[in-house]
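A single chain comes next, written as C-alpha cells; it is the form predicted alone.
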C-alpha cells in the first residue's frame, strides 16, 4: 500500500464521518426545534409546581399549531433579555380581561390582552417577575409548552393545575 492509497482511504473515512456528523446534527436540530427539548429550570417563580433544578420536557408542536391554552406552563423568551428563557403559566389569551391589581387594593384595575399576545404569571405570585411587571407577552416569544416533569424522579409526571386560582374565564 503506497502513501496515495492510504491518504485516499483516510480522506474517505474522514469525509464519511463528517457526512454522518452533519446528518445527525441536522436531525438533532430539527428534533429540538420542532418536537421538543429538555429544560433545567431555575428560580423561585414557579414554586411549588416547579422548583430550581427540576428538569421538564417542553414540547414545541402546540406552539406551531397555535394550541397554547390558559393554564398551560410555557417556556418563552424573556421580553427583557432575548438570551434568557422564562418559565411561566398562561393566565390569559388575546381578548381576555385580566385583573392587574392586588387582592388588598381598594380600586381594581384591569387590562385586556391584545391580539397576538398572552398574559404570563409565575405560580409564586410574591416572587415572580411576569406580565404583572412587563405586560402582555407576544405569542411569538413562546418556545414551547411544558408537558412533563422529568426530574426529580419522585415528582415525575404531568404538572398540576395552578395553585393560585388566577386563571380567568373569557368575558365575551
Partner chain sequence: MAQQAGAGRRYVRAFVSGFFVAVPVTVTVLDRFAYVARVEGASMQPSLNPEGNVTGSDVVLLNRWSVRNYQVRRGDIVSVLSPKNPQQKIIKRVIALEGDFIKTLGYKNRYLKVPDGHFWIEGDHHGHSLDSNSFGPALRTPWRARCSVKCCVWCSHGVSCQVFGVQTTQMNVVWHIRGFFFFQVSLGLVHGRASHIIWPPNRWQRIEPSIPPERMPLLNWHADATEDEEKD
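Residue numbers count along the first chain shown, from 1. Bear in mind that the values here come from a model prediction, so they are computed numbers and not experimental data.
Not pictured, yet referred to below: the form predicted together with its partner chain.
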Which one, 51 to 59, 38 to 46, 123 to 131, 136 to 144, holds residues whose non-hydrogen atoms are within 4.5 Å of its partner chain in the predicted bound form? 136 to 144
Using 4.5 Å between non-hydrogen atoms, is residue 79 touching its partner chain in the predicted bound form? yes
Contact flag, residue 95 vs its partner chain in the predicted bound form, heavy atom cut 4.5 Å: yes
Within a 4.5 Å heavy atom cut-off, is residue 33 in contact with its partner chain in the predicted bound form? yes
Taking its partner chain as it sits in the predicted bound form, is residue 29 near enough to touch it, meaning that at least one heavy atom pair lies within 4.5 angstroms? yes
Quick one: name the residues from 105 to 121 with any non-hydrogen atom within 4.5 angstroms of its partner chain in the predicted bound form. 112, 113, 114, 115, 116, 117
